[in-house]
Every structure is written in C-alpha cells, then in structure tokens.
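Here's a solo chain for you in structure tokens, the form predicted alone.
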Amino acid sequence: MLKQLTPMLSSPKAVAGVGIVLFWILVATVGPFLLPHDHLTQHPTSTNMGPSRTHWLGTDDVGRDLLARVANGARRTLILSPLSVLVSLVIGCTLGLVGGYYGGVLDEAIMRLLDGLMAIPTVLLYIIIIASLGASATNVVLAVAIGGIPGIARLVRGLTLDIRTREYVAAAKLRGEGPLYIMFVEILPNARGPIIVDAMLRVGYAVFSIGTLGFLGLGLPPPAPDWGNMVQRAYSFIFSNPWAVLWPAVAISSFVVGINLIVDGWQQVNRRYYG
C-alpha cells in the first residue's frame, strides 16, 4: 500500500490537498485541548470583536471565542462527514453489487427504487428526513447517507455489470464459489479504484451538506457548534462582525478544496504511472 501511495508525493496538487486535510484533522483532534478558551464560555464584555491577542479569530455576538468554536466545529464535521459516506458506501455497494450481479427483476426493482429516491431534490430530501425525525447528529448522518446511496449504488452496479463477465469471475464460479464470495471477494476489490475516488469526493459533498443543514437550522442542535450553524448565526450581523461568518466559511471551503486536490492528484498519478 505504501509503495502505491509513494508516487502521490510527485503531485503538487495531492501534497497540497493532504496538507490542508491534515491541518484540519490536527485542529479537530488537538485544538480543543490546547486552546485557552472554551467554545461555550461567553464573554459579555467582548462581543463581536475582531481578531486580537486574547481572541485570535475574534468573538461572536455573545462573546464566545471563534477559534475554539471553529476547532470544535471541525471535530464534529470531520466525524459526521466520513461516517455518513461510510454508511452510504455500505448500503450503496451492497445494492449495486446485488443488482448488477443478479440482474433481471431484482435489478430492475432496486434501480427503480433508487430512481424514485433520486427524483427528490437532495436538500428537500434532507429537510424531509430531519423534519420527520428531529435535529440530531444521528439524523444528520442518516439524511446525508440516504442522499448518497443512489449515486453509489448506480456506480457499483455499472462496474459490476462489466466485471462479472471477466475470466476470473467465471473461474470462481467453476470452483463452486457462492454469490456472496464472488460479489465481495472477486468483484468489489477489482472495482475499488473508482469507488474510492467517488467516496473521497462525497466526503467533500457531505461537508457541504452538513454545512447547509446547519445554515438552515436543521443540523446539530445548539449550543454544539458546527461550521454551518456558525455561519447561520453570524449572518444577521455580518456587516458589524464579518469575521464570525468568514472563518467557518473558509473552513468549509478549504477542507473541500483539500479533498478535491487529493482526488485530482490521485487521478494524475494513476494516469502517469498506471495508465
């Protein structure tokens, strides 16, 4: 695995992307423990301040330290986003493998169900799910995961339709291997490249989705900060304190840019070294 990742060092895009993502992972993991201020502590005499020696990124409308809140928001965002993509991958890969391998009526039923799900605008789907179940971290993950299942399932189905005709799959059938073995041992590992690239991009989409839900008031319930609800709260006083909007917005955009740079670099390296 390390040998395969080494060529990534030759891609400036990939190196830059990894640096950005590692920065936010570092902020999320150790930032809340090292920062001098708590993300919930209010300082009534220091409301809507710009960056200063005491509060490096400034404060919000009730005097909470923006740096501490961005760091704690990073922790929640960087946990919930990959988790929602992981749930989507497990369900979407299973549906795509089953539909692509068996075909026929089962495949048609799965695809029509997913088509119906895709017909609902993504943000509207999120709103329906969270409005029905309530705003919580679990329901945010569930909503984003459900929204991602159809795209993953269709991708895996297309790959399965191609791979199931390969000689090594026919050889596995001749050995007497069962459908589960063929799908998850023969087909899925040989489809991993496009799936990994798609999953990495979906982590970026998930960050945007969670931020959108937070902005709409459907994300994590207060007082827990996430980058989206920080933007939403600061929107009403954007002209008096633009810093409160700027920092979480920069956090969202920079993390997504980092993910995209990694994917672009990976694809360049694959074309250069592996054709």
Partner chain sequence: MPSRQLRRLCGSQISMVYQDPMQALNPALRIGNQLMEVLLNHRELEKSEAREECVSVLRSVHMPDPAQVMNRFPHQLSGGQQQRALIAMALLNRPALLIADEPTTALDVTVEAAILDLFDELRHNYDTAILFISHDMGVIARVADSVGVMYAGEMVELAPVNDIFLNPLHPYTRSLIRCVPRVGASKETCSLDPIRGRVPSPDALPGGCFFAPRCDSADERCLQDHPSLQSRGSGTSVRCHRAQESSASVCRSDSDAIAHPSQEMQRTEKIILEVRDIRTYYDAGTQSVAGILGLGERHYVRAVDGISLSVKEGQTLGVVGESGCGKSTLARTIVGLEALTGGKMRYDDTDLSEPVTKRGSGLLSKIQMVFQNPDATLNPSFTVGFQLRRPLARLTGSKSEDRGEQVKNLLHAVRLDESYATRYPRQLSGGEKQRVAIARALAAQPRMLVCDEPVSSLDVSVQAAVLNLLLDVQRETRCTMLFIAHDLSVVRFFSDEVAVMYLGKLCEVGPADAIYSPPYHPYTEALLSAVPLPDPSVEQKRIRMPDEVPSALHPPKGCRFHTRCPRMLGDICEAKEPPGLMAGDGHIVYCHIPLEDLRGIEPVVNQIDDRGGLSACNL
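Please read all numbers here as calculations on a predicted model, not as lab measurements. Numbering follows the first chain given and starts at 1.
We do not show the form predicted together with the partner chain, though everything after this point is about it.
Checked against the partner chain in the predicted complex, the candidates 185, 90, 196, 106 yield a single residue with a heavy atom inside 4.5 Å, and that residue is 185.
Contact annotation: residue 75 falls outside 4.5 Å of the partner chain in the predicted complex, judged by heavy atom distances. Within this chain, residue 180 is remote from the site of the partner chain in the predicted complex, having no heavy atom within 4.5 Å. Taking non-hydrogen atoms only, residue 94 never approaches the partner chain to within 4.5 angstroms in the predicted complex.
Residue contact check for residue 170: one or more of its heavy atoms lie within 4.5 Å of the partner chain in the predicted complex. Residues 173, 174, 175, 176, 177, 181, 185, 186, 189, 190, 192 of 173-211 are found to place at least one heavy atom within 4.5 Å of the partner chain in the predicted complex.
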